[in-house]
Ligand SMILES: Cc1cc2nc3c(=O)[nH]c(=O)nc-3n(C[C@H](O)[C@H](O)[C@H](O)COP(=O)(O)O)c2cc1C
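A single chain, nothing else alongside it, follows as structure tokens in the form predicted on its own.
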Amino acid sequence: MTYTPDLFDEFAINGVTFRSRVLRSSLGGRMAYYDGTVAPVWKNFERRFARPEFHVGGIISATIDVDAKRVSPLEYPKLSDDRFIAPLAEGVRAVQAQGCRYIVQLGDPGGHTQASLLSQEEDGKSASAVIDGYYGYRNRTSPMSLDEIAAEVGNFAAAARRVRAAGADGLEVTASKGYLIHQFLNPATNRRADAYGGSVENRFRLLREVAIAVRQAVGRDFLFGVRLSAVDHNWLPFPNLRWPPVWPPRDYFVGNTLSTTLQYGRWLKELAVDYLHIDSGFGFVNPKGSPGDYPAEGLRLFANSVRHLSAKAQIRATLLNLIPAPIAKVLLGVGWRYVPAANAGYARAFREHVGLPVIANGGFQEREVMEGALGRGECDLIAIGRPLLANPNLLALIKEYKKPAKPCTWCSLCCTRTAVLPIGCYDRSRFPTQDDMEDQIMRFSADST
């Protein structure tokens, strides 16, 4: 008889047992002080999802920055100094006290850094010099020197040590979301001619060195995963222009293909990585990593908040303000639509061809969709973000074969507005009045004990 996993079965990886097969995915918000120290609001926010009656197996943190100079955006957390350990540990203990596991996701936005007080060169550091019309705010990125790359590897190792010191159950390095490591992996943004660019193996070199350094920092007995984009889909969001163009056209319009990223996965397995967390697309937000509607209003709000930082940022904001939202959804919303279990097929390829436990991310809300992905062997765990933000008790309802009265509509506004405003659901259609919506937002991270 073939065993069919249940959503509420336990699952263990490298000594860490999750109480269900569903994890709360990385959700970021302005929940830190200006220096990057997590504030009490962060602890309250994370603890809300950890309640035993909500059945979330584990929580993956927002991407916590490993570099002291870059922020993405302001009031997002950092782990670039030992002074950040104690506040983080307090929140980790609060989650674990509810019987829920906590994984810290580490990353560096690189040239996709989203906000700063004033523009500075460090905010544009990337693999190569590229003008990116959609992401980041510096007019162009600037290539990292070999010394800067070595320092970055050290930043990840030091942050990993701090994760373990804070008592977390594991850590996850993001090589996705268009962040710095992804900028080195992607042939459209990595045009280097040295040991870190050109061939697939060279583009992987930074991730290789980070994986080795992180494993050495935390030891073999500590849970360590990597979030990886299965296919870059460089032409999305549309229209995004990168200059200068790169040859061949596939590298420019597609980027990494599945065959290439499967090789990345096999190399990561050799480097003692414990699991892979699979999404797709390049950059945050993008329609493959966050399947749903084009968030025109949210992107306009964010673009206006950083328009003072460069000529590119000012032009981007002006264009978004000139195009009415309904027209923007048509002209700029190419590829933006909800797809159930959007990346489950990619996750299955990694599970079959790499042989590591796999988390699938993107487009999960209905019980039948999640059970189907698990039952078909597409993944071992499922990560959910926006639907749990809309309904933190989603799994409790599913366990009773119920559906939420107001499910997530996949509007993606939470992904964009929370870079400027408090985290919460910004879909006005889910609330009787705007006051009710705002009340939910303002109360979401209050102390829920």
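Just so we're clear, the structure is a prediction, and the values are computed from it rather than from any experiment. Residue indices: 1-based, along the sequence shown.
Just so you know, the form predicted together with the ligand exists too; it's not on screen, but the next bit is about it.
Q) Ok, Pro291, Gly298, Gly124, Pro187: which has a heavy atom sitting within 4.5 Å of the ligand in the predicted complex? A) When the ligand is considered in the predicted complex, the option within 4.5 Å is Pro291.
Q: Find the only residue in Ala383, Cys411, Ala390, Ala50 having a heavy atom within 4.5 Å of the ligand in the predicted complex.
A: Here the answer is residue option Ala383.
(Q) Given that the ligand is not shown alongside this chain, does Ser20 nevertheless sit within 4.5 Å of it in the predicted complex, heavy atom to heavy atom? (A) Although the ligand is absent here, Ser20 would stay clear of it in the predicted complex, with no heavy atoms inside 4.5 Å.
(Q) Is Cys415 near the ligand? Define near as a heavy atom within 4.5 Å, in the predicted complex. (A) Yes - in the predicted complex, heavy atoms of Cys415 and the ligand come within 4.5 Å of each other.
Q.
Test of understanding: in the predicted complex, would Asn361 fall inside 4.5 Å of the ligand by heavy atoms?
A. Yes, Asn361 is a contact residue.
Q) Using 4.5 Å between non-hydrogen atoms, is Ile398 touching the ligand in the predicted complex? A) Taking the distances in the predicted complex, the answer for Ile398 is no, it never comes within 4.5 Å of the ligand.
(Q) Heavy atoms within 4.5 Å of the ligand in the predicted complex: which stretch in 399-407, 32-40, 50-58, 415-423 meets that? (A) Partner-contacting stretch among the options: 415-423.
Q) What residues of 4-27, in sequence order, lie within 4.5 Å of the ligand in the predicted complex by heavy atom? A) The stretch 4-27, when checked against the ligand in the predicted complex, contributes Ser25, Ser26, Leu27 at the 4.5 Å heavy-atom cut-off.
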